[in-house]
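To begin, one chain is listed below as structure tokens, in the form predicted on its own.
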């Protein structure tokens, strides 16, 4: 594990398979929003992928052990953080980005705006930015934070919820009340069919059959040239936690089908 200075913040990151050379480009895993960090991948699919190529896991700005400044939570900021991290760690580009939930939003934004950085995108329950996306996303989170002030809730979190729940609640509240995250997400540009159609790298879409955003999967599959949509039986939006072995198998198979990179 490393604490890396990049883009004026300290980013918590892990490299697996360090120095491993082969036909595959490096794979960078991007986790979801607020309740998530790099451990979601470290304890699921990343170790197996690191036997094939170099893998990078990192905590997004404001998450895990990465710095939590008051500002800088736009999708462009997320890409600047990522690009700075890769440069500091001397990871060659282009890379494959595997993004879960809002991590998938970041991967999509990278493929649209900085295609030279991206060799492929693996999207796990990804959220493309649609009309009202930021409002809907933040409404749920802000409602959760408001619930902390209901009678007995904070006492439960502090006394009985355990260290993990207490930490997660603290991150959630800080991100909503002490950072520009809500405003930054609400200002995100809609990813319409024209923007998504600019994506030229290979794209794998993995969604649960009971996902509450399955319509987004269909939107992406229709708009991204050559995108491959795979639906996982019996899974919801939490597919990475529900079926990590199957997700790993799907990613491994897809990575093996990518064009071989030159040395």
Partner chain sequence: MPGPPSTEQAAAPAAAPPTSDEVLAEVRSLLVDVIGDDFLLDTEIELDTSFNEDLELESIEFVALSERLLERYGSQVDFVAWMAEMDLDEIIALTVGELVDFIVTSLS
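Model, not experiment: these values are computed from the prediction. Numbering follows the first chain given and starts at 1.
Form predicted together with the partner chain: not shown, discussed below.
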{"query": "One residue of 186, 167, 178, 154 in contact with the partner chain, assessed in the model of the complex (non-hydrogen atom, 4.5 angstroms)", "finding": "167"}
{"query": "Of 147, 162, 115, 132, the one that lies within 4.5 Å of the partner chain in the model of the complex (heavy atoms)", "finding": "162"}
{"query": "Partner-proximal stretch of 210 to 218, 230 to 238, 41 to 49, 194 to 202 relative to the partner chain in the model of the complex, 4.5 angstroms, heavy atom", "finding": "41 to 49"}
{"query": "Contact flag, residue 250 vs the partner chain in the model of the complex, heavy atom cut 4.5 Å", "finding": "no"}
{"query": "Interface membership of residue 67, the partner chain in the model of the complex, 4.5 Å heavy atom rule", "finding": "no"}
{"query": "4.5 Å heavy atom contact, residue 243 to the partner chain in the model of the complex", "finding": "no"}
{"query": "4.5 Å heavy atom contact, residue 14 to the partner chain in the model of the complex", "finding": "yes"}
